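Here you get one chain, nothing else, as structure tokens; it is the form predicted alone.
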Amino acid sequence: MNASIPALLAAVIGRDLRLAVRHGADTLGAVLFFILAGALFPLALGPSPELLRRMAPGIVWVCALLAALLPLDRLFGSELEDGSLDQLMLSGLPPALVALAKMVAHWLTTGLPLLVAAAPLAIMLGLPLPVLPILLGGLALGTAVLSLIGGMAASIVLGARRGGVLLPLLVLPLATPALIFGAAALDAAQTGLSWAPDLELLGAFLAAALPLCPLAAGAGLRAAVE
């Protein structure tokens, strides 16, 4: 591997982090949506602590999935509009690594804040404190999967008419296994069953998505700029 490639990869990630700090509305909007959507469930389901505790794994994971979708339509779209995507493609990084850098930046600016917000939301829903590490570990894997799949889908619909409508239709079916395994691990931990197999399956899903999604996203970026 060219010695300059790691430096270029870090530079692209750092650029996106600086842009996210400068324009923090996307991150703030995703976190506020996550908290507010989770807070609506007790109003709809009623104040029963036992019901909320039983529903909490699904509530947290569904809200995290939907919140992670919010910034995806701008993941590559703003760069395509102002021409900076062409510069990134000419920077010397392979398109797959350009896509991977954007996905990593998306996780750092969206997935990581969702992890921080997940703990108070889980406590509000009545999850026992001993299962919080399992929740956070599962969400760390799951939000990384969502960033990879979301970045791949965002590159595929890049430049398409009504791409913002197509994006959730592509992401939601592909992200369903992560939702199932993550919620199942948390539910198993609450009932005293073994939660490790579900997290291992989630980790395997991440291991499969890590090489495949950037390759597919790189092909989408190449097609968009050409």
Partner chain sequence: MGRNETVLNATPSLAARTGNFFHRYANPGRFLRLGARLQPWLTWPAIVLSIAGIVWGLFLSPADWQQGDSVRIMYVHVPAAWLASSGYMGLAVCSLLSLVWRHPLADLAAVEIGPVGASVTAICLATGSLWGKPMWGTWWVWDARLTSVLVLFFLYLGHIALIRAFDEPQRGYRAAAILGLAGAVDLPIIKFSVQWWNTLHQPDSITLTAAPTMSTNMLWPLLVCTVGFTFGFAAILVARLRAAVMESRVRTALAMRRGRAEAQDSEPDLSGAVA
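Residue numbers count along the first chain shown, from 1. Computed from a predicted structure; not experimentally measured.
Absent from the display: the form predicted together with the partner chain. The rest refers to it.
Worksheet item: Pro197: heavy atom within 4.5 Å of the partner chain in the model of the complex?
Response: Close contact is absent here: in the model of the complex, Pro197 is far from the partner chain, nothing within 4.5 Å, heavy atoms only.
Worksheet item: Does the partner chain get within 4.5 angstroms of any non-hydrogen atom of Leu8 in the model of the complex?
Response: Judged by the heavy-atom cut-off of 4.5 Å, Leu8 is well away from the partner chain in the model of the complex.
Worksheet item: Does any heavy atom of Leu85 come within 4.5 Å of a heavy atom of the partner chain in the model of the complex?
Response: Leu85 lies outside the contact set for the partner chain.
Discussion item. With the partner left out here, check for me: in the model of the complex, does some heavy atom of Met152 sit within 4.5 Å of the partner chain?
Written reply: Because a heavy atom of Met152 falls inside 4.5 Å of the partner chain in the model of the complex, the answer is yes.
Discussion item. The chain here is shown without the partner chain. Which stretch in 58-66, 165-173, 24-32, 45-53 comes within 4.5 angstroms of it in the model of the complex, by heavy atom distance?
Written reply: It is 165-173 that comes within 4.5 Å of the partner.
Item to complete: May I ask whether Arg15, Glu81 and Ala105 all come within 4.5 angstroms of the partner chain in the model of the complex, judged by heavy atoms?
Response: No.
Worksheet item: Taking the partner chain in the model of the complex, which residues of 198-226 have any heavy atom within 4.5 Å of it?
Response: Going through 198-226 in order - heavy atoms within 4.5 Å of the partner chain in the model of the complex - the hits are Ala216, Ala219, Gly220, Ala223, Ala224, Glu226.
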